[in-house]
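Shown below, as structure tokens, is a lone chain in the form predicted alone; questions about how it binds or moves come after it.
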Amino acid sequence: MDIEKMIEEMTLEEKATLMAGYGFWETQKIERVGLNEAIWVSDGPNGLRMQPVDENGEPIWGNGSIDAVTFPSACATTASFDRELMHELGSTLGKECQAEKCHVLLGPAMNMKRSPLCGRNFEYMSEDPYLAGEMAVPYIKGVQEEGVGTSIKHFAANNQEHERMYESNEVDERTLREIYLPAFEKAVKEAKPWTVMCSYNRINGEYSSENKWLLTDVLRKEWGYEGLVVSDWGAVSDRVKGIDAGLDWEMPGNDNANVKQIVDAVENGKLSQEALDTAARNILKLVKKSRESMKGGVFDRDADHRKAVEIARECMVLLKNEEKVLPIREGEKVAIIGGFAEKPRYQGGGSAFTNSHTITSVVDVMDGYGPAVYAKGFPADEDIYTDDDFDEAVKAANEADKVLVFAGLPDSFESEGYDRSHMRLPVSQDLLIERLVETGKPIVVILHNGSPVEMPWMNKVDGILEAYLSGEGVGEAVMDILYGRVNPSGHLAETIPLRLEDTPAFINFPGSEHKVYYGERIYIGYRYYDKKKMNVAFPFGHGLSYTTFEYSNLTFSAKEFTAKDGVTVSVDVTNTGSVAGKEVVQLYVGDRTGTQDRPVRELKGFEKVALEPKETKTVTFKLDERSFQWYSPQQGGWFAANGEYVIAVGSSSRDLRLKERITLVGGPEYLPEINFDTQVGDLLACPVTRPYVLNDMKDIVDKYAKVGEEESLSTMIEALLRYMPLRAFRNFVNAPNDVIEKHVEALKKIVEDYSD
């Protein structure tokens, strides 16, 4: 396939036709120039949602998607904190794609969990950009090593379903760079996804599909992306503007509705031929790579179902385990209550919904674990109850040694297309849990949900297991954990707040007048709760085990280091319990230089380590320059200040076992912007400009501060000068404008010379 020859031979109309898909899932064919085959794309990140085709390769409509295996959703898999698991999941999905002749898998979804109300949070990874990036990279590599492309989505700042195709996210550049772009940046640079899918929403008034700063300046020029950019399905507003901005492929196809518009734009000079050719070239490159990478295979659904069970076991998070209520011991009689035990909710709705091969419920497998009785209590798909169902559940609880309540959110409570309006469980579930607590029996609640829920009974029950949406093997996986056949090792990839009103975006979600203001800025998730020292239900990174772990011997390659060299951190972790287990060792960095407003701590490293009883392993982290940096629009890039940083390691963002201060040296100083409005305090705080203020501006400062020959300013006078702009010397010491201008120009020269 000679791409350049095809571009040369194609007419303008043929190139314009190539810009959109053929139907919902295919590229266009242009047989006149030898483009005789199309490629197929398919949802979704946790299983194939692919349309079946006939013997001629044409889609068969009306019968749903193919029989597939539903793996745990991203809300669950990210809680594994397991990079190898993500690679295995990606590899398995890649092989399934090969068997079904799918060329590009539309995922993973990597948007931040800004609010727990977002209806699509089940499909997203985390509230933390570092964790999302680290977990996305091995998934992408796993898929693409099988010769199948991925499509990282939704680029960018797609954090709600409300007015998702029209609303504008008003967000400053620092927040974009530190929170909403880093996961995509890491994926692009390290995993090289074949495609990037732009989001529906507008960012600061401009659609992502038409945003040249986003799609060209940042994605291609800064990050070096060389693949194809595709629209989310229906995300295109102005197709010509989109091509010029860097949007290659519009999906789905639209019966060539935009062909004339594109042709006219090229002919009248509104769109360059070069921009159109670039988009055509990117589409043809994807087609060529996809066709050449096809090798076929066998989709062994039963084997992959077993993998789905194995993966689910690693994802569930034990939130609470009072008096070691879990694991259930041999011979204990258990009451299994709640409709989710019979009809589990194991995946989310919308484009990620798959036609599951085999669904394993708790009721299906409970006879293989121990004496148990099932009572529905409440249904899994509605918020209704009857006195008879409640009475039956209470009776079963009274006759049991322990009570397992399988609760969660029905399908209708969270889905692509709309957001939740509250964080509550169905009323029927909360009412029954309260009734069961009154029996005095040990109660364990197992949650099936894609996003946090409020738990008014949290302090009354003995155990809570967050199962999330754990795929079609959820029943077997959850019972393996409850009965101790598997030691839980999941940790929260998001904070569970006590109530909706506590959440960072509460007053700015979902917005009004078609705009949503990201007023919390960089303070989403644990960054917000830690800054405010706010109580939460369960903190980011939290997860219990049936064993215990001890941390010791925190060591550094150097206590003083340069940003360029970075620093290596090591810590010993010991399993001090009597059973084997896995610990998620987390490393957080806290900036104590005072140069800029920053979170108390930020996740910058994690490792999941398996330990036998009494075994010790050393976990090592390499912190690079980016681990200490924040984004400064004023400085024009990433910046790390000289000074002290706190390194903390532990089991969650609030269970930090060891802390130590280290010092960054030899880096550039943070430079103030120089003009008539520059504050004197900013000049005094900067080692580069402070000498000029104390020496060359001595006459002016003397008149204001009366510091005479003192080399340093008094605390009081420095405090007064801190917020005084240079122009104010006109008012307080009668300094002429030309004198102030002379100092401004001299300070600009000092800053420029230092920068050079």
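Computed from a prediction, not measured in an experiment: that's the story for all the values here. Residue indices: 1-based, along the sequence shown.
Below, we refer to the form predicted together with a small molecule, which is not included among the displayed structures.
- Contact annotation for the candidate site: 49, 153 and 197 all lie close to the small molecule in the model of the complex (heavy atom within 4.5 Å).
- The small molecule is not drawn, but in the model of the complex it has a heavy atom within 4.5 Å of residue 416.
- At a distance threshold of 4.5 angstroms between non-hydrogen atoms, residue 26 is out of contact with the small molecule in the model of the complex.
- When contacts are judged by a 4.5 Å heavy atom cut-off, residue 233 counts as touching the small molecule in the model of the complex.
- By the criterion of a heavy atom within 4.5 Å, residue 186 is excluded from the residues contacting the small molecule in the model of the complex.
- Of the residues given (140, 79, 407, 106), 106 alone sits with a heavy atom within 4.5 Å of the small molecule in the model of the complex.
- Scanning 345, 120, 491, 114 against the small molecule in the model of the complex with a 4.5 Å heavy atom cut-off leaves one residue, 120.
- Contact with the small molecule, judged by heavy atoms within 4.5 Å in the model of the complex, is confined among 467-475, 79-87, 225-233, 451-459 to 225-233.
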